[in-house]
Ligand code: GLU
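Just the one chain here, the form predicted on its own, laid out as structure tokens.
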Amino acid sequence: MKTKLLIILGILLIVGWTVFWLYDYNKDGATKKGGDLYQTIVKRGYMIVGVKTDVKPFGFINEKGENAGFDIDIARNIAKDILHDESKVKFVPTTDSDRFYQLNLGKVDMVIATMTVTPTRQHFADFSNAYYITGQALLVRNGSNIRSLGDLSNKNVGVIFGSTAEETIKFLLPTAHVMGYKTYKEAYNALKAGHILGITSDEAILRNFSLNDSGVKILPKRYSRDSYAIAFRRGEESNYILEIVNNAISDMDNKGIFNQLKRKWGLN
């Protein structure tokens, strides 16, 4: 009898937590797909934005436990433009491998997370105008005999799952042994430990490691020219907010705000 009671209590507890989670999640209104996204945000009173939390200087958690970075400041500027208050943003952690999942399942309104625009990705999301230009680079240990991407033939090179770098390295150097990692920190630790001989990713992201660790360096060659943009769900619901956001991006550019933010986060 006691065992049956414990089982029933366990089931009730699971159901209770499930109902609570669904209520807490649905009350944001990000799941209400099909309606106009701009109107949804205005009615809700804040934006829900997918951002990185481990990629300095674009999106990370600072010493105060707060979201900070270049992408975070862009989100706040857009919130100021749409809702007249830069604090009206709820930040949701996202990674390269789950950005489209969170976006297309309605967990976030938009993704501002070092998202490179590619023809393939344009089949799965609508993108704003570019707000940052970068290029794929290679990070190696200081003293390494790796001088270029070609030196990694038949050797281990690290990438982040779901990143454009994963596609590029497989195209440019199919003989490389590509090792995938969930986070940049994991890839960096693997490089330091000698499990891989290089990390290929956007130069702007890799730069933070080279600035904070004299034991690694970025090789000079760039293997692509990539544009970061803000991703929205495909469809009519995003048409108007895309127009608003593109106007906000143009306004930030014309007012020199992007240059100010680049200086602030060491991206010049």
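Each residue number is its position in the shown sequence, starting from 1. Owing to the predicted nature of the structure, the values given are computational and were not obtained by experimental measurement.
Just so you know, the form predicted in complex with this ligand exists too; it's not on screen, but the next bit is about it.
- Scanning 77, 116, 168, 102 against this ligand in the predicted bound form with a 4.5 Å heavy atom cut-off leaves one residue, 116.
- Proximity of 69, 91 and 111 to this ligand in the predicted bound form is absent: no residue of the three has a non-hydrogen atom within 4.5 angstroms.
- Screening 234 to 242, 215 to 223, 35 to 43, 198 to 206 for residues having heavy atoms within 4.5 Å of this ligand in the predicted bound form returns a single hit, 198 to 206.
- Mapping the unseen interface onto this chain, residue 128 falls outside it, with no heavy atom inside 4.5 Å of this ligand in the predicted bound form.
- At the 4.5 Å threshold, heavy atoms of residue 121 reach this ligand in the predicted bound form.
- Of the heavy atoms in residue 162, some are within 4.5 Å of this ligand in the predicted bound form.
- Contact check for residue 51: no non-hydrogen atom falls within 4.5 Å of this ligand in the predicted bound form.
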